[in-house]
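Let's start with one chain on its own, the form predicted alone, as structure tokens.
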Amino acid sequence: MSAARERLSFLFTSTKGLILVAIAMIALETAFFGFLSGPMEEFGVRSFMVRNLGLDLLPQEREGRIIILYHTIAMAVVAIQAYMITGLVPMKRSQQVVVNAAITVGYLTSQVFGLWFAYFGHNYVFHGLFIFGQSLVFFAGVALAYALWPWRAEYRTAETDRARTRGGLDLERVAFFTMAVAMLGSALFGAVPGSLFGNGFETFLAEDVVRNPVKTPLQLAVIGHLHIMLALIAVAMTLILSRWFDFRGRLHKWAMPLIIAGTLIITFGVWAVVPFEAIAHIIINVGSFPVLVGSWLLVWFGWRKITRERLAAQDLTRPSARQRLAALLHDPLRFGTLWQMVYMNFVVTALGIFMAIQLDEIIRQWPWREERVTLTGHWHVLAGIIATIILLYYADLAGLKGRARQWFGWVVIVASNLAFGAVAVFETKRLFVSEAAQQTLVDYAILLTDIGLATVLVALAALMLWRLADLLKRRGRWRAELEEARRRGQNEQEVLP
């Protein structure tokens, strides 16, 4: 019993354990519902599961099921980011405990009972528990924003190589706080139309109404909610990597004000979608640029730091170009987290800008199905890239070393880039191939996407099995991580007021 209690303590009180549980839950959910996908239907797997597991998959309820499924995954991702923030950003131990406990109970409650309600019969007690879990996640967000309040005297900084005001206000902490408050407001932006589902407001998917000439205010709010939450998750990941890489210096002083300003502008633009739809997208595009520039500055700093540290370890004072490149690429986990941010600009940002500029001239001339495919792929690729960054960061946090570190890092990078690149080609196929001649391209694009994503999932499964095997050991890595978390908690309790 004591051994089980110790393991539960690791899983639900330490930062590494909490992240591990959330990733495992997402992995299990992805694996289970992956068997209900289109390719699995062709092999008869979907029908087998429906017959033997009591799944309730009425076609007219498809949109509602998808919305609950995506929300359960998104809340788990937000929980992972909250754990990372409470582990990286200075705050009181009591505040860390409240945030982590509330968001853990919240996302797990929503995940279990929300999926039960959506896929195994509609017991509305479970739907109420799904909403209750979401409320706990929101409360955790309020507690996190309070803990991140940057104007407390103890959180002011005297470090001159970090972005700060003359009074010592830490602008990186301001960026975290701004992101947290914007996410809370944007959650409410989606909760309002969500509260009216079934009361004069029908469930829908954003891509299904993209060509409707007139959209209701509630539909616009849902579409805005989808966009802003994904964007803010990306901003949160950028700030987490900033803290992880110990971003500082002149680039840091430029990046933080840009990220703060961009976050505020994007948030205002999305919230303005309902009353000012015509100009809201212009505001959003304006706000996106400073956030992108801030992320590029982080990449520049991070890659220089990786290269310099490796060259210093090798005692190379006059390295060649090949040696510099080898130094940059020697650690796929640290390199990969930043490379994925760069790659995102090719398969997400560039395509999004192109669609916005050529919307009327090109995109709206395509059949509606093609625009719908492009929009769906655009959102999924961005979410997928964020997921790979989280995986690479966690693999480093978990202490993956040696050949396993190299294999895991490069497999995730190469396989995900292959899949997302193939999706980008599939999204834009109408630019360079006619519908009558598209089949060969479509077949190869889907095949490469499936291979890439399946390979990433195999790498994730291997990582999870490694952690599971370690958890079963009496004196595994998990025990050292638990003791480290306890020591850190005691030290923080002694130092912070």
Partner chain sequence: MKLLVCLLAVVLLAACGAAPMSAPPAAIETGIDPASWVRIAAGPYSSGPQGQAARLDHDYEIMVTDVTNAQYAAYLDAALAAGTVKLVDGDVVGYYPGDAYRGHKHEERIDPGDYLHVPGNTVELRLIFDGARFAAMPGYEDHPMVMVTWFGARAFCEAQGGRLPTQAEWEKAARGNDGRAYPWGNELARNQANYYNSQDIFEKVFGKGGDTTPVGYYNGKSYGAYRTLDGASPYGLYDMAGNVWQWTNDVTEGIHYRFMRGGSKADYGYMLRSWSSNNAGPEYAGPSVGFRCARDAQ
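If you're wondering where the values come from, they're calculated on a predicted model, not measured in any experiment. Numbering follows the first chain given and starts at 1.
The same protein also has a form predicted in complex with its partner chain, omitted here; what follows describes it.
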{"property": "Complete contact of 34, 293 and 345 with its partner chain in the predicted complex (any heavy atom, 4.5 Å)", "result": "no"}
{"property": "Residue stretch of 357 to 365, 229 to 237, 84 to 92, 153 to 161 approaching its partner chain in the predicted complex, non-hydrogen atom distance within 4.5 Å", "result": "357 to 365"}
{"property": "In the predicted complex, residue 48 touching its partner chain (heavy atom, 4.5 Å)", "result": "no"}
{"property": "Non-hydrogen atom contact residue 466 with its partner chain in the predicted complex at 4.5 angstroms", "result": "no"}
{"property": "Partner contact for residue 70 in the predicted complex: its partner chain, 4.5 angstroms, heavy atom", "result": "no"}
{"property": "Exercise: residue 369 in contact with its partner chain in the predicted complex, heavy atom 4.5 Å", "result": "yes"}
{"property": "Of 145, 418, 424, 258, the one that lies within 4.5 Å of its partner chain in the predicted complex (heavy atoms)", "result": "418"}
{"property": "Position in contact with its partner chain when the complex is considered in the predicted complex, options 461, 431, 447, 454, heavy atoms within 4.5 Å", "result": "447"}
{"property": "Heavy atom within 4.5 Å of its partner chain in the predicted complex - qualifying residues of 415 to 447", "result": "418, 434, 435, 436, 437, 439, 440, 442, 443, 444, 446, 447"}
